[in-house]
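Form predicted alone, single chain, as structure tokens, below.
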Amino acid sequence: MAESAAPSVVTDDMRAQLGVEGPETVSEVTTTGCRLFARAVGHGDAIFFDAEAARARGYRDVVAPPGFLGTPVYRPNAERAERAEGPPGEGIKIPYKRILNGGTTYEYFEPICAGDVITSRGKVTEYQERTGSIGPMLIVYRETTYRRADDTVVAKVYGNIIHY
């Protein structure tokens, strides 16, 4: 007799969240933030540190280094429910106890510079179930879109989390 496939852990509630954008996050891109991030990850190009060097190369101001999309603005007086709203897919019931970052990819459309205010919204785009060498796993794919204040899409981030 053939062995039957394990039942799916993807629930109707999880499927209902596919493509639904989560709450908006507002982030500020500051000169100090750009410099700190660039220094921390080892970027040495002057455009990440010096406004004059950045302008000489055609940028508006100090350039945000790859991977830096600003610092979220903390609002301590926001309504508690608003602060408690998590990213898309948060709160779903997954029966696996361990998680692993499956990777992150950045796609840039416009330069991000000091002085920009960036809003972002993310969504779960896909669930994949697989069986690995240590058993079943669920891979959750997410996409986050980043927009400048003029509504221009400046970047998208694609990532996945492996639950096992």
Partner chain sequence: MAEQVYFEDVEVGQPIPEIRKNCSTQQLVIWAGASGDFYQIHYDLNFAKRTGLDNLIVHGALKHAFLGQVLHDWVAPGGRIEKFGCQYRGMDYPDQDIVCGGVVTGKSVEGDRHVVELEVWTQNPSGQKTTPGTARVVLPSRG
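Numbering follows the first chain given and starts at 1. Because the structure is a prediction, the values reported are computed rather than measured.
In what follows, reference is made to the form predicted in complex with the partner chain, a form of this protein that is not presented.
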{"item": "Partner proximity in the model of the complex: Leu36 to the partner chain, non-hydrogen atom cutoff 4.5 Å", "value": "yes"}
{"item": "Any non-hydrogen atom of Glu52 within 4.5 angstroms of the partner chain in the model of the complex", "value": "no"}
{"item": "The partner chain contact at Val29 in the model of the complex, heavy atom, 4.5 Å", "value": "no"}
{"item": "Close approach of Asp45 to the partner chain in the model of the complex, 4.5 Å, heavy atom", "value": "yes"}
{"item": "Site check Ala40, Gly67 and Tyr158: each within 4.5 Å of the partner chain in the model of the complex by heavy atom", "value": "yes"}
{"item": "Within 93-130, the residues that have a heavy atom no more than 4.5 Å from the partner chain in the model of the complex", "value": "Asn101, Gly102, Gly103, Thr104, Thr105, Tyr106, Glu107, Tyr108, Phe109"}
